[in-house]
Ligand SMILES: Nc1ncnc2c1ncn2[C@@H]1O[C@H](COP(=O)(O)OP(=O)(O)OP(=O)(O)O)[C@@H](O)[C@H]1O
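The chain below stands alone, shown as structure tokens; this is the form predicted on its own.
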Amino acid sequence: MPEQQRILAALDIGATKVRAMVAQIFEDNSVYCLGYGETPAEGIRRGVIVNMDKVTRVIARAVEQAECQANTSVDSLVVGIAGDHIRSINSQGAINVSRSDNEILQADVERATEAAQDVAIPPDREIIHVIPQDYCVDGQCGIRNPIGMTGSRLEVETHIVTCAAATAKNIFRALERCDLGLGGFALESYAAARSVITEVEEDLGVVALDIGGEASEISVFKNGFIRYSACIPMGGQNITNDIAIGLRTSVEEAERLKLEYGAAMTSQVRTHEMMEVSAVGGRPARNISRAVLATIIEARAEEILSLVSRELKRVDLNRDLSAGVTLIGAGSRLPGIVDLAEQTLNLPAKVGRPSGVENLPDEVNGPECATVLGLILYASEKGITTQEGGGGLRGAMKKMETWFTGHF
């Protein structure tokens, strides 16, 4: 293997699982998984901490597992952030190039990006990302990197993502209680896309749809940049709850049935297939047709996808997405979900398979692990090292904004 360059770590605090990964980055920028930890999530709902003690325990447990496998320790982590508290806007900034020869330098790009941030951000919000989408030089647009070009006026279009400040601070406090620092936040759907979407797909136009436990996260890419991000406050847990109500069983049994017998399209299930359903209150188990289960799942899955379709139409991004939709998250494992997505969204669909990280354990190769893998790749691209101690919340936010300005 090439000579070691640095160690980094990532943390995905999901609705159902908390996942941590420690990775090694080499001089050739290859990424090698050293350790992975996973534990059932507790104390968090829709991306918001509701029980600090429980969240602290599960974070510590997942990170400890990853460190033990990696046979190393980390001081800070890049953390994914998601939930219906996430907001995004597109903003423009423009500056006059002050140099006498009108050559555009990195400092000019930074000033233009700072000008784009001159929008009203409420005091209870924190900026996660400021991502340049497009540059214009003297009215000529479609420029991806203006550095070195000549012009008197530089304009930039940016995608600004914000989160609830209280949520960011509480995650930071939870890390502090685990003696861990914050290497930075990343929007989970944006990070997850790093592990499942190619540059060609980003150019053609693609939707990354992360169907998680309590929410479904949307990121839309076109012409090589993210154009839109949003959250639908429904996910796999809603499907599980519907099953529990419809079949009059426990939530735990409903989850088992979903995983073992579930399907997102009734037409793909044979009506004579039966399954045993445990009852509650000491009542005897019953045999129920698998088609009944599929009917319940299809209704909720179609609702989630219809809300995604409505969101894309609302912002006029339902067209010109030649690469279609890439499904990730635990919900993408449902049999028939790809066909239902194609039918509902009127786009080609597929399940995303994470790539870009070597030496992955078998349990980390699925679409539900796309976020933690994407966070590792994001941290690698950003140049983070997580064995040098973590910084404060404001410092981590500022470092991310600076990095995005310099790399797009």
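Position 1 is the first residue in the sequence shown; the rest follow in order. Here the structure is a predicted model, which is why all the values come from computation and not from measurement.
What comes next is about the form predicted in complex with this ligand, which does not appear here.
Shown without its partner, this chain lists V156, A174, V97, A215 as candidates; in the model of the complex, only A215 has a non-hydrogen atom within 4.5 angstroms of this ligand. This chain lacks the partner; the member of A191, I211, A301, A208 within 4.5 angstroms of this ligand in the model of the complex by a non-hydrogen atom is I211. Residues with any non-hydrogen atom within 4.5 angstroms of this ligand in the model of the complex fall in just one of 307-315, 286-294, 193-201, 323-331: 323-331. Although the partner is absent from this view, T16 contacts this ligand in the model of the complex, with a non-hydrogen atom inside 4.5 angstroms. Although the partner is absent here, A279 sits far enough away that none of its heavy atoms falls within 4.5 Å of this ligand in the model of the complex.
Remark: L259 counts among the residues lining this ligand in the model of the complex, judged by a heavy atom distance of 4.5 Å or less. Though the partner is left out of this view, G236 does reach within 4.5 Å of this ligand in the model of the complex, counting heavy atoms only.
Within 4.5 angstroms of this ligand in the model of the complex, the stretch 337-368 places a non-hydrogen atom from E368 alone.
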